[in-house]
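We give C-alpha cells for two forms of one protein chain below, kept apart as structure 1 and structure 2.
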Structure 1
C-alpha cells in the first residue's frame, strides 16, 4: 500500500510543522485510542489470560502453559479444528470458483444484467439470524423444500441437520448461497481488465478457454488473492449460522472453532481457557495468511509487472 506524502512543499519552519503534527494527532486520536483500547490492550490482556486459570470461580493466577497443554489433549478441541478445517478447505475454494464463474457471466453486456447483479448480491445484504432460521426450515427433514424437491425426482433426502454425516455439508450449501460479496469484488476486478486485451487475443485466434487461462486469470490474480485471504479469515471465524442452524451439533458434528470458543467463554465462563483457544485460532490465521502472502509471488500477477514488460 503506497502511503503518499503528497506534493513536495517548501521547507516549513519548525513551529509550523509542530502545530501541524499536533493537529494531526488530534485528528488521529480516535484511531490511536481505539487501537490501544480495543485492539492492542485487549490483545496483551488476552495473551496474559491465556496463561492464567481465570474463570468464574478463580481469580487471576498464572499457570504457565497449562491451558495450552490441556487444549492439545482435548478431543473436542481437535474436533473443532477438524470441522473448521474441512469447512474452510471446501467452502473457500468452492465459493471462489462459483463467485468467479458468476462474475464472468455478470460481466457481459446483456440487457437486464443489472437486475441479475442485484439479485446475486441480495443474500449478502440480509445475511444473519433470520436467514439462518430460514435455512433451518428449508433443511427440515420432512417439510423442508430441499427434501421435497429431492422427493420429486425420487431421491430420499437425508435428515440434514440431525445427521452427523450431513450437517456440515448443509452449512456449506448455505455458505455458497451468500457468495455475492466475493462475486462483486471479482466483478470489479473484471471491469478493470482492458477490453482491447481480450479483443486482441480474439483476433489472434485465442479461444475462450485460453483467453480465460492466459488473460483473465492472471490479471485477476490479485483480486483472487484478496478474496482468498478474506475467505480464509471469514471461514475460520464462522459462527452465526452454525450457532443458529445446528448449535454445533448433532454430536458436535458442526462444532466450529468459534462455537467451541463461545462455549468456553460465555457458557462455561472459562476465560483463561477461552483466551488460549483464541490465541491458537489467531496463530492459525496468521500462519495461513503468511503462507498465502508468501506464495503470492508464484501466482499473483501485478499490473506493474505487465507495464514493465
Structure 2
C-alpha cells in the first residue's frame, strides 16, 4: 500500500479570502478614485460640454453638433491645425535624431560621463515657464544672445519672435532644449544591446556605420517606436512655450491648436466650443497613434523575435 508523503495544503477559509480581497481593493482605491475623479470624470463632462453652448454667464444648453460644425468651418482652427502639423513633422524627427546622437556620445566609458549625462538631462526637470522666459530673452532682437553672436560674424539676425516667417522656426529650435528625457531612454536602449553582437560584427569586418545601421538601429527600433509615440502626442499638445513666448502671434503665425483651445476656454469663456476642440484634438492624436502602432510590424524589431529565430 503506497503512502503519500506530500502534505496537503489547508484550505483557505472564506473570511481570509474576503479579507485579502478587501485589502487589495483598499490599496487600489487611490488609483481607482484618481482615475474616476481626475481622468474619466472630466472627460465625460467635457464630452457633454462639447454638445452645449455654455459659459459662466448662461445656463447649460444642448445644441447638438453645432460646435463641431462651426469648428470645421472656422479658418483659425485649420490654421492652428496646420501650425501644429508643421511643428510636429519638423520637431519630432529633429528631436529623435539629436537625442539618439547624444545618447551614442554619452554611452562612451570615459571619466566624468555621469556628469555629462546629468547636464543633458537637467533641462527636462526645469520649470517650463522659466525655460520659456529664458528663450524669450535669448531670441530678443536687440539684446538676445543669438543675434549678438550673429552680429559678431557680420550677420544681421532676424526679429525672431515678431516676424511671421521666423517665429515658428524659433519655437522649433526651443524644442531641442527638452530632448534630455528622450536621450535617456535611448541611452537605456543602447546599454541593453549585447556587446557580443558588436564584437562579432567587428571581427567580420563591419565598420562603425555598418554596425550602427545593421545592429544598433534595428535593436533600438522598439525604443524609437516608444519615443516616436510620445513625441507625436507631446508635439500636438504643445502649449507652454508658444503661450509664454509668442502668445500665438505674430498674426497667428504660432497659433497652435492648444493655444487656440486656451483662447476659447479662458479668454472668450466659450467652454462648449473649447471642449469640442479638445475632443477633435483627442481624436487626431488617437488616430495618429493607432497608425504608428499599425505600422510597427513593418519596422519595429523585438529581442524576443531574435531569440525565436
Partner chain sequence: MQSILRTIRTRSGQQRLIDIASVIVLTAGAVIILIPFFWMISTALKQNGDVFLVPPQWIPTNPKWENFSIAFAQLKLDVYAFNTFFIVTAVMTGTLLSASFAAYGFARLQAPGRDTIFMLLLATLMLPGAVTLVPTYLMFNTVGWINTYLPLTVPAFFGSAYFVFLMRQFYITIPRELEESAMIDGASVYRIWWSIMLPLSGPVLATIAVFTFVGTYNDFFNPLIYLSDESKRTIAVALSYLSGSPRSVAKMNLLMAAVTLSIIPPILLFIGAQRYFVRGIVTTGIKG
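What you see is a predicted model, and the numbers here were worked out from it, not measured in a lab. Residue numbers count along the first chain shown, from 1. We call the rigid core the largest set of C-alpha positions that still match within 1.5 Å between the two forms.
Trainee: The same chain appears twice here, once per structure, so which copy is the form predicted alone?
Mentor: Structure 2 is the one predicted alone.
Trainee: Would you say residue 288 moves its Cα by 2 Å or more between structures 1 and 2, aligning on the core?
Mentor: Shift at residue 288: below 2 Å after core fit.
Trainee: If the two forms are fitted on the core, does residue 58 show a Cα displacement reaching 2 angstroms between structures 1 and 2?
Mentor: Yes; residue 58 is a residue whose C-alpha shifts (by 2 Å or more) between structures 1 and 2 when the cores are overlaid.
Trainee: Could you state, for a rigid core superposition, the Cα shift of residue 19 between structures 1 and 2 in Å?
Mentor: It moves 2.7 Å at the C-alpha.
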